[in-house]
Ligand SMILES: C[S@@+](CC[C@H](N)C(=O)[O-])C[C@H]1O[C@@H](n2cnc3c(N)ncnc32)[C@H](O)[C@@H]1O
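Below you will find one chain, with nothing else, as structure tokens; this is the form predicted alone, and questions on how it binds or moves follow later.
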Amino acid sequence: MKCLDESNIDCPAESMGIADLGCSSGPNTLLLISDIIDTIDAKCRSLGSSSPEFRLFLNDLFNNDFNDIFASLPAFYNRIREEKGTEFGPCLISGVPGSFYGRLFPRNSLHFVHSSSSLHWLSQVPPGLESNAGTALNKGKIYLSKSSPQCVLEAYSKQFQEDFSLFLRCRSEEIVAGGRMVLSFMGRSSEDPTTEDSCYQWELLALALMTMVYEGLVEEEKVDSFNAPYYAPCPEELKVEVEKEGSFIVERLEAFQVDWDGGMMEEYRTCDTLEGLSRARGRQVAKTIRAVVESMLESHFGTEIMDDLFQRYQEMVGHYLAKSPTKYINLVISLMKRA
């Protein structure tokens, strides 16, 4: 799925500012930038105009491996020259470390902003997840669950509202009138924040941790005191916050169902039994989730339990997927800055 719709963009005469927020440092970073450049270039050619100068800003947190991105730039520039020719305008790429829950760029300097798989991460663990006496309110869980108290659900919702509103305010100052944002992140289909499509991957991870608690391998207080800085919103929540902030118009908002394992059928051709297929799917999901959350789990629980934890998680996910059609919900929203 392209991150930018060619029919909805204009080509500025000389220079175009583009930002990828939460770029990470893997191979997909520059693939995404290539997609954006190709789409804008095609639009400009269809209008009979030359492509603008591209000012490309890659943003992530301060500890992101920007060196890895910069090391891959020579190959990227070579590919652009080979595909576009020497007459193609310059692509000026910069790294911008910092949280997107704050200002990052000069006023009115951006024409297009993209963020993928980042905005479901909150700026912090929501406050208010402990009683006045310091007792954990979300015991035995690491995220929202059917058993979570209402005050926990409200704390997570409030934190997302504050973070997303702040994100919109900051971008409204940086994006020119008529500029666009395309944001994609994990969400949910229902207004109920405890539906399986929004939180059950966390539920299974909490269950895996609790099996280790029962065996004396992890302290129960450690589980009770860990809460993921994550929130999967529903479409209605996004619309409400955009309307409240007031700087953007929602052009498009869609929800896509995604298999937990990414639908990687090629990986399963060697599985000749349903049990083998379930194990393979569980292994694939566990690898993906581990790559995303291991660092935050290590800082809280220590490194020594990680292999055991994700082996248990893998088995639980495999059993779950063998009997449940649950899918992730990926929300994609396209916004235009008001004049």
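Counting begins at 1, following the sequence as shown. Since the model is a prediction, treat every value here as computed from it, not as a measurement.
What comes next is about the form predicted together with this ligand, which does not appear here.
**Student:** So, S24 and this ligand: in the predicted bound form, are they within 4.5 Å at any heavy atom pair?
**Tutor:** Output for S24 is yes: heavy atoms within 4.5 Å of this ligand.
**Student:** Residue-level contact is defined here as any heavy atom of the residue lying within 4.5 Å of this ligand in the predicted bound form; does G178 satisfy this criterion?
**Tutor:** No, G178 sits far enough from this ligand in the predicted bound form that none of its heavy atoms falls within 4.5 Å.
**Student:** Any of the heavy atoms of F76 lying within 4.5 Å of this ligand in the predicted bound form?
**Tutor:** Contact check for F76: no, nothing within 4.5 Å of this ligand in the predicted bound form.
**Student:** Are any of the heavy atoms in S189 no more than 4.5 Å from a heavy atom of this ligand in the predicted bound form?
**Tutor:** S189: no, not in contact with this ligand in the predicted bound form.
**Student:** So which of 117-125, 240-248, 208-216, 140-148 is the stretch with heavy atoms within 4.5 Å of this ligand in the predicted bound form?
**Tutor:** One stretch meets the cut-off, namely 117-125.
**Student:** Which pick from S172, S225, S157, S99 sits with a heavy atom within 4.5 Å of this ligand in the predicted bound form?
**Tutor:** It is S99.
**Student:** Any residue of 31-59 with a heavy atom within 4.5 Å of this ligand in the predicted bound form counts; write them all down in order.
**Tutor:** The one in contact is N59.
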